[in-house]
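First structure 1, then structure 2: two forms of the same chain, each alone, as structure tokens.
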Structure 1
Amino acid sequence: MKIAVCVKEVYNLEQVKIIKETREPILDVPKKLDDLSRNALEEAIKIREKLGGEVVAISAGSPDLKKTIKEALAMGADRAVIVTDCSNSTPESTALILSKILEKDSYDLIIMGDASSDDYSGQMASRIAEILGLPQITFVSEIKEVSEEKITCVRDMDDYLEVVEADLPCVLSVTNEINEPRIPALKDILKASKKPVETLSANDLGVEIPQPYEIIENLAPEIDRRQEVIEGDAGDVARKLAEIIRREA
């Protein structure tokens, strides 16, 4: 079984601060592998553990990817293919680039998160499946059965749960709840730096990066909370709280 996992680097959002006067975000913070990408990797590794084969992590992003991708290798991907000159990516451009990489090999399964925790756009599985002419199973919350030929999944949709099956090759997107991603041990982290990483540019792949839209502004809403800290003995705190609640409710 040959499995590609499309992963994404994201800013460590907890560290993103906002400039008070202009409401602009300060994006000078470290990047990390997105949570949903970890769910996708975990599911791929589980399938490899059962059926054998290879898990390849694929990503398009900034030059920081050279570092971030190690997290995927530490979790258990066998190798990686990355494109590091697409810092200002959009779903449109990323889908084109990832598809170019995916076309070079023949994968049985292509797995990714159902959205990323920064943009939450949720387009990648559909776009890649369309470009490659493959079926897609999105919002997968459980893989019930998988063989070399066929996969059966539970999809967690807004108002219904659905069991569907498809022949391989197939594109899957998984939810945040599908599994609890493993945390790599130190030895896995050390091993990760020896695994092969192929680094490409959009140019190498012959992809012209589309600019489908213009960002007019990207500002944080005013968060103007008092942030009054209340501490002390539970009894005192509760009395103070009761007073505030009576006033505000």
Structure 2
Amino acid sequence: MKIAVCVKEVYNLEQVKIIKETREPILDVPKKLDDLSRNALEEAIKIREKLGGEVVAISAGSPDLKKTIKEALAMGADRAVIVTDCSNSTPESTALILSKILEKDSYDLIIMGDASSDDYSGQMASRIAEILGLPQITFVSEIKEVSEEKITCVRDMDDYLEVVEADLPCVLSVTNEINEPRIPALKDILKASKKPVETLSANDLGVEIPQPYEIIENLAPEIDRRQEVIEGDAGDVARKLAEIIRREA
């Protein structure tokens, strides 16, 4: 079975630093593979381990993507296809770019996270399924059964679960409840640099990326800290702190 996993690079929010005086972020923030992309990739690898075949990581982003995609290869993707000149593209143009890549090959299953931790638009699976004319199953929290012809999934609809069956090829978007992504071993990290990565541009795919917006300002929210110091022994401090918490609700 040939499985495509659409993965996304995002800023590592844990490493964002703010300039105190101006509230501006320091822009040299490292990027990483989005957490839900890791869930999607883990599920694809589990299916390959069961049925055999190939897992291909597909992504569109910035030039940094050449480094970030190695995370997907270290986790177990066999190869990757990336576009590195569309860091500011809209969901619409990104879906078109990914669809153009997917059309270049024949995939039995296309998996991705149901959203990303940066913009969390949740549009990608539905847009790609529409462009390619494929059935889609969204919010997948469990794959109950998969064969060469069909797949049966559980959809998490918050207040109820829904079991859905679809013919392959099919597009899936998964939630983080579906699995616990593996942590690559050192040998897998070393092997990742030797796996094939095809690098394309939007122009290669015949897609023009619009520039729909301009970032005017990017500031951290202003926080007014009380800077109140509580003095005394442990008992006094605990009582005063409890009073403040009660008073401030």
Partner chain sequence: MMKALVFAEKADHFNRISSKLKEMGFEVHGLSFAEANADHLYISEPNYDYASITAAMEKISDDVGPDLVVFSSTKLGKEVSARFAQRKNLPCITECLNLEVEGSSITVSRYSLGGKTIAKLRTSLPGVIAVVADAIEPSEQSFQMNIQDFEIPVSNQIRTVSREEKKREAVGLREADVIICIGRGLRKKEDIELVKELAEKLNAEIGCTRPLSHDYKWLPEERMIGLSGEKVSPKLLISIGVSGQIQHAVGIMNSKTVIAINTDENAPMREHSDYYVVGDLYEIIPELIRNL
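Keep in mind that this is a model prediction, so the values were computed, not measured. For residue numbers, the reference is structure 1: its sequence is counted from 1. Only the largest set of C-alpha atoms that superpose within 1.5 Å between the two forms is called the rigid core.
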Structure identified as the form predicted in complex with its partner chain
1
After a core superposition, would you say residue 12 shifts its C-alpha by at least 2 Å between structure 1 and structure 2?
no
Residue shift check between structure 1 and structure 2, rigid core fit, residue 186 Cα at least 2 Å
no
With the two forms matched on the core, what distance in Å separates the two CA positions of residue 234 between structure 1 and structure 2?
7.8
Distance moved by the residue 27 C-alpha between structure 1 and structure 2 (core-aligned, Å):
3.4
